[in-house]
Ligand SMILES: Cc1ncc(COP(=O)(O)O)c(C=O)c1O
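Here we start with a single chain on its own, the form predicted on its own, put down as structure tokens.
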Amino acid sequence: MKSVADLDTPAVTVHLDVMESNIRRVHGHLAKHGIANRPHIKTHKIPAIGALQMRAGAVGITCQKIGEVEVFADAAIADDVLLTFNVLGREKTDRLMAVSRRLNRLAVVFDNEVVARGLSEAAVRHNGEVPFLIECDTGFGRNGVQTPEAALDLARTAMKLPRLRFEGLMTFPNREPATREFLSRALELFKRAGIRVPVVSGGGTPAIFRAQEFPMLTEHRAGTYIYNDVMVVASGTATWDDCAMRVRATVVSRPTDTRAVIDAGTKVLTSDQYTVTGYGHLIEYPDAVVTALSEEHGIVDLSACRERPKIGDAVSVVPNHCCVVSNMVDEVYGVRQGTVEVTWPVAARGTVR
């Protein structure tokens, strides 16, 4: 087996002991509180990792795009899949119906009547059925119906369409107090209307360890927890020791005493920042700051560091947002105690449709 030190850089490594611990910790917590775990595979896009999550007790998986569903169906990882993105257009809905025949359950999520009608028409064309959840915006400001009343109205409309089957409500992420208030009101309205809501699906890695505070949740969807990253650490949900994904990079230049340049830029490390500053965390030099990225260059400020890397030294960078990194490389290296134990192709890389 190859040593990690022999990997050509930049290389995306996954520390297997850490990843396995993350799986156990999250699955154990949700199971303790009677919440089903439905991990989001868009973080890793690797069927073998999805299989590890299923073996740990996941009830199924979450996918963001049909292409991911197709890849994971090919690998026969899970036969219960939730697709959490509006599926719009005949080409996509035909693909959806085709892959649904290969699974025991493929449920979808939508937040508007246009998508609902397109799904119904596809189900009629293919003589199939589409289980669905209504997406609710409980404060994140992205997709989702805006009020509990709108959730009920859309569910009623969709339930009148042929071949659609209502299964529940979905939100991302769980947030206090908005999520609790929205879902509580929605469930009250559905109960008054005599409509069962078997699934209430929450989500978000930073929300995992407080999921039990939302008693209406039947399942939780999270993806980033498998690796963790700078943003998760900043949220207080993980520590640097919990970060399994580390981009191994080489210092290729030291133009000044306080500046280093590494061979990983935006094509390997994401430029996403969200709630954090900088563009990654150097494990070996925690006081260093990745101040800028261009395509192939990472600029590192060493001003606060007592010890500073030399040209040719390797560093390990925890990225800001690991999900994006997965989609930028062909393979990741599973490492244990300094040895490359497995090389995984990122099978669902580029499946953005």
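Since the model is a prediction, treat every value here as computed from it, not as a measurement. The numbering used is simple: start at 1 and walk along the sequence shown.
The same protein also exists as the form predicted together with the named molecule; that form is not shown, yet it is the one meant from here on.
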- Among 251-259, 279-287, 166-174, 180-188, which stretch has residues with heavy atoms no more than 4.5 Å from the named molecule in the predicted bound form? 166-174
- Report yes if all three of R142, P206 and T224 come within 4.5 Å of the named molecule in the predicted bound form by some heavy atom, otherwise no. yes
- Note on the structure: Partner-free chain; cross-checking the named molecule in the predicted bound form, the single residue of T237, T93, T84, T138 with a heavy atom within 4.5 Å is T84
- Close approach of Q64 to the named molecule in the predicted bound form, 4.5 Å, heavy atom: yes
- Hey, which residues along 276-290 are within 4.5 angstroms of the named molecule in the predicted bound form, non-hydrogen atoms only? none
